[in-house]
Each structure stands twice: as C-alpha cells, then as structure tokens.
Ligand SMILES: Nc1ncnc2c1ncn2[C@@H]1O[C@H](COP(=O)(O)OP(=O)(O)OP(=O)(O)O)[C@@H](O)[C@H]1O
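Next up: a single chain in structure tokens, the form predicted on its own.
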Amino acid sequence: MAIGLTTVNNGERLATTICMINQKGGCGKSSTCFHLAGHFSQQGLEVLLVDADPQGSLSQGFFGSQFVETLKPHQTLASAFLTSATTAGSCSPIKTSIERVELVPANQHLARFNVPEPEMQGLAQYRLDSLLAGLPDYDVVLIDCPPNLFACSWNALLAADYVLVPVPPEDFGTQGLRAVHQAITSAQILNPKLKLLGHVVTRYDGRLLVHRAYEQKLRKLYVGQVLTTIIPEASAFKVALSCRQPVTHSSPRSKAALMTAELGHELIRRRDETERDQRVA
C-alpha cells in the first residue's frame, strides 16, 4: 500500500504521510491541511485528509459545524478507537466538494479517546495506523492533530512518515516546541521511518517587527529546519474558509494561494532530499 505524498524519482514511485503537530492552538495546523489539500488536488493527486482533532475544525471547514456535529461515532475517526468488533476501524472517508479530496472526519466523539500518556495504551497507539492500512491508496495523506500531545497526536506520529510543525512567530506559538521535539524523538523508537520535515512559519505579518524578530530567532535556533516558505496572515484564507473551499480554489491568484502552492512544492523538495540523503547514507 502506498499512502502519502507521491512523486516520481527515476521512475520510482515514492509516497509520504505527513502529520501537523504543535501544542499551540490556532497556529495553523487545520488551515495548512485544508489549503494544502486544494493545492495537491490541483496537481492531480489523490488526497486523504484525516481530522484527528476532537474539535473537528478541519471537518467543519469543508462541511460546516451542523453537519459535522451530528455525525455518529462510527462515521468519524472515533471508529478507529472503538473496541467493538463490528465497528472498530469502520469509518469510510467522505468525499468533499473538491475533486480528488476525501476526509476522515472528527467531532466531539473523539474526545474521550484523546487521553494523556498515550504510550501506555498498548495496541491503541496504532489505531490510526491500522485504519489507514485498510483504506485504498492515496497520493497525499495529511493528518491534522489537536493542540496537545495526547493519544490522537501520538497515533498520528506512529502512522506518519513525516512531521510538519506550523509555528506562528510569537511567544505563545514558540513555547512548547521542545516538548514537541521530545515527542517526535520518542515516537521514532516505535516508528523508525518518522522524520521531522521541518517548521513552517504561519500567520506571519512582515509589517510587525516582533514577527520578523521571531522568524529570525526560529531560524537561528533550528538551523536548516525552518522552511523557506512563510505563510502570511491573509484575509483570503478567511474568505476561503467561509466559502468551504481551499484558497487555491476560492482565490487562486491571491498571495495566500501562491504561498500555499510554494509550501506544497517545498514539502516535496524536502521530502525528496531527505529520501535521497537516506539512500546515500
């Protein structure tokens, strides 16, 4: 099974699954997944989005809160955590209004499974990985995680090939990154293929001195791990969400759409460079 981000390298088909993690809420995890899905779909790729956040923000982005909140547990990611033999892992992805984009939704039913100390949960640590293994092939799988490092984020780390950390350039956004890195290191013991793809600066306003200062601070602190692409704080993102469409579809010529495309291209380049370096090593 080939799930993930697919390119062709000397005729070889490569794939990757990426999860978005940060303990900070509002840092752009859901937004990054939402808009990147639009970009990758425009590249002709089959996209699977996994909403692993009990708040269901990514799901509501496509379908609205009224529809998402009425979904039954077996229709959401919560099904992967149910113990009943007839329902466990039975959730089928939902087609969105965007061609080639499907979604495994989440809502409040997932909250009771998002427990602390997930590494003590035995086989429950691999519920998301098992769910993905039972689905058809996709070219892109993007996993949106909650703003904590509990069971849902841990499951994502054990199911993914790469981690992308969205970071707004401010104090609250950068706090807790050490714990995120520690979680990634711990997850690599159980999931050796997992790698840090990098940090992406989000919600950036170049007019603010504090944003420029924090961006430079991040680049000095995490040399080589901060992506070149910077995602701006732009109204086009908010308008796109109100239209239930990624910005690449609602406003394809906007700066927000162009930077989203740049991010998608850089992710592929970084993934390819990492894979190439690993083969050489």
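Note that residue numbering follows the sequence shown and begins at 1. Computed from a predicted model, the values in this text were never measured in an experiment.
What comes next is about the form predicted together with the named molecule, which is not displayed.
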*Stretch in contact in the predicted complex with the named molecule, which is absent here, among 36-44, 238-246, 62-70, 209-217 (heavy atoms within 4.5 Å)*: 238-246
*May I ask you to state whether residue 203 is within 4.5 Å of the named molecule in the predicted complex, using heavy atom distances?*
yes
*residue 251: heavy atom within 4.5 Å of the named molecule in the predicted complex?*
no
*Should residue 234 be counted as a contact of the named molecule in the predicted complex, where contact means heavy atoms within 4.5 Å?*
yes
_Under a 4.5 Å heavy atom criterion, is residue 48 part of the interface with the named molecule in the predicted complex?_
no
*Going through 23-38 from first to last, which residues have a non-hydrogen atom within 4.5 Å of the named molecule in the predicted complex?*
24, 25, 26, 27, 28, 29, 30, 31
